[in-house]
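Here you get one chain, nothing else, as structure tokens; it is the form predicted alone.
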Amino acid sequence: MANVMQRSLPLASTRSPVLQFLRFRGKINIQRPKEPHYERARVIAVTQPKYPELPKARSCFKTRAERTQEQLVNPYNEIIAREVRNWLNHSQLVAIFHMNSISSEEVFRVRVQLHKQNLHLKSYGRQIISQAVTGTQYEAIMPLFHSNHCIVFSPNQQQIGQLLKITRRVPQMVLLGGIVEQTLLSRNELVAYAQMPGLQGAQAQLVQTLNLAAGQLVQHLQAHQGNLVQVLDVHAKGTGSGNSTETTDES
């Protein structure tokens, strides 16, 4: 019965459409898609939405120097700059080093060795150093702080020998110059100063030189008197021997 109804009613029968699947040989490039047709590209360009532009910041049009001048002064930097100025004023020896690539463990080891010799290793930024030395007698050391650096302070200028001995074992620390007794010295001058004797040795050499000059002066003053006495002594001995020979002849 069902077969008769399906045959008599053509709309009751369902047939699936004929489908044919095709596979494209090339892969679809998502990152660089193929350019659309000219007409389609025109339609896409016309239908693109336009959004209002955001207001631009005025700081974008300023130079770097202008933006730097407008930066607020950090009061903490002033405190550190005052500390640096205090170290410079109360240190008899200030050595400036250039720091190459070095590990923090190596820096700590050097810091401990220097601290044992009453030497203090410090490191500050260029801006803080500039605030500390601007308008002072130490302003001439600013060209030494263009790169990574460190400073060694000591209240005793005689520790320059120990400083060079310790830093000689650390090739990453390169001596640039220093200040000894408020006098700026170069690297060679610091090395020459380290080879000089200490204060007591210099005082002993001065006393020896003064004593030598005084002894030579006394010797020169007594030279003529000594020669006169020697001549008179020889003359007296010659006269006494002549008289003794005469007395023997008469007898």
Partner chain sequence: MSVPFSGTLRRSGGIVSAIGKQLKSINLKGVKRITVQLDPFAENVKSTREFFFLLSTPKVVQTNPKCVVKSDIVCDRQPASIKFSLIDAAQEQAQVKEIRFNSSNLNTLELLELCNKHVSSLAPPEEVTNKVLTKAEKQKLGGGSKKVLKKK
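Numbering follows the first chain given and starts at 1. Keep in mind that this is a model prediction, so the values were computed, not measured.
Beyond what is shown, the protein has a form predicted in complex with the partner chain; the following relates to that form.
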- Which listed residue (His146, Lys122, His115, Lys165) meets the criterion of a heavy atom within 4.5 Å of the partner chain in the predicted complex? His146
- Task: Just one of 27 to 35, 182 to 190, 217 to 225, 198 to 206 has residues with a heavy atom within 4.5 Å of the partner chain in the predicted complex, so point it out.
- Result: 182 to 190
- Query: Would Ser101 count as a contact of the partner chain in the predicted complex, using a 4.5 angstroms cut-off between non-hydrogen atoms?
  - Reply: yes
- Task: Indicate whether the partner chain has at least one heavy atom within 4.5 Å of a heavy atom of Val133 in the predicted complex.
- Result: no
- Query: Hey, in the predicted complex, does Ile80 get a heavy atom within 4.5 angstroms of the partner chain?
  - Reply: no
- Message: Just checking whether Val107 would be counted as a contact of the partner chain in the predicted complex - the rule being heavy atoms within 4.5 angstroms.
- Response: no
- Quick one: name the residues from 191 to 226 with any non-hydrogen atom within 4.5 angstroms of the partner chain in the predicted complex. none
